[in-house]
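What follows is one chain in structure tokens, specifically the form predicted on its own.
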């Protein structure tokens, strides 16, 4: 059944939900990248929790006017207004008081979420409005999702993605150097507000699928995962979008194949699984790569020290060094160099002499600063420069009668 879900063969609604979740994941990954690079990831937490009072108030207002209180578009409008008020509160507290931004976020997050829980409790006591299932917006659920809801989410995700791509250049500039952006004529405050507006839109659109609590994870985990794979901004948001889209698509497919599983947590768990894989296996920053690099560096250091000891006729006391030289055929078990070991040891001693002379030459000061005892000089200097160094090593001695 999972294969059918992954190949979009579980019906029209399931297909729309999977595509909508994928678009939402792409939009969240791309938008969250600029939030992450601006080092304001916690703002998304305040925005998401601030949506809850809006959901409750929108439900009450719609019931008051005799409408269906669970209309998704009405709930999304209410949550957007509430989140916008929460965002303005964070901005005001940060800019007009002595509170730091994280303190303002903590205050707004807790107050708005508490108010939302109170409103949901009040709604549970109401006799009208079909309030059952309203709390599914906390963790997300696609069970009972209407076709119009799926289309609304898919279109909303696509619009947010298009706006984010349109604003990516000024948002990148502000994220990396806000002073330079301001000097270039950009309004940093307006671009920050636009970024927060896009985050707010992603949060509101993702309420039904991921839920207001877990949408933060979909905004932050893909960019953090993408940083394991590249150092360049234009690639970070591309990779983050791809990872977010993959998480949304696979998570929605798994949830559709097992309806008892909540959609939001499954999508977040898929995103987390991608994060763990990246943490372990990314070539530049992964744990496995770091361990292999450390082991390789340790092996090079011990090989170099062992060869220098052989060249100077000194005994090797370090067990690992001796085993390494034996394994590579450079020394015998008694610590005596083999024929190949003698050649390698002579070369290591020659390089050491070359580095020693190079460090005393002012013309090669920059090159000498790269000395680590492991780098081959042939990769840094030209043949003529090496020949000059060798000449200095073999300088003619004074002949005395």
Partner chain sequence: MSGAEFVPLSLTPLLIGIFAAIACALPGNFLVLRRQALIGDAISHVVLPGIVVAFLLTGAVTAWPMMLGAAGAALVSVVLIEAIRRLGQIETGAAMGVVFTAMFAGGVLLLERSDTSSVHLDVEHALMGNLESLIWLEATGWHSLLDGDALAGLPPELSRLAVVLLLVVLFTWIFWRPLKISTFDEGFAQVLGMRTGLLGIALVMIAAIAAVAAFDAVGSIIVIAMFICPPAAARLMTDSLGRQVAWSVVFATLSATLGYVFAGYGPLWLGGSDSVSAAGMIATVSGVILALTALFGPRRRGMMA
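Residue numbers count along the first chain shown, from 1. Just so we're clear, the structure is a prediction, and the values are computed from it rather than from any experiment.
The protein also exists as the form predicted in complex with the partner chain; that form is not presented, and the subsequent description refers to it.
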Among 155, 115, 238, 81, which has at least one heavy atom within 4.5 Å of the partner chain in the predicted bound form?
115
Just one of 105, 250, 204, 325 has a heavy atom within 4.5 angstroms of the partner chain in the predicted bound form, so which one?
105
Looking in the predicted bound form, any heavy atom of residue 351 within 4.5 Å of the partner chain?
no
Does the 4.5 Å heavy atom contact test between residue 41 and the partner chain in the predicted bound form come out positive?
yes
Can you work out whether residue 262 and the partner chain are in contact in the predicted bound form, taking contact to mean some heavy atom pair no more than 4.5 Å apart?
yes
In the predicted bound form, does residue 71 have a heavy atom within 4.5 Å of the partner chain?
no
Please name which of the stretches 241 to 249, 147 to 155, 174 to 182, 285 to 293 has residues with heavy atoms lying within 4.5 Å of the partner chain in the predicted bound form.
285 to 293
Where, within 220 to 247, is there a heavy atom within 4.5 Å of the partner chain in the predicted bound form? Residue list please.
220, 221, 224, 228
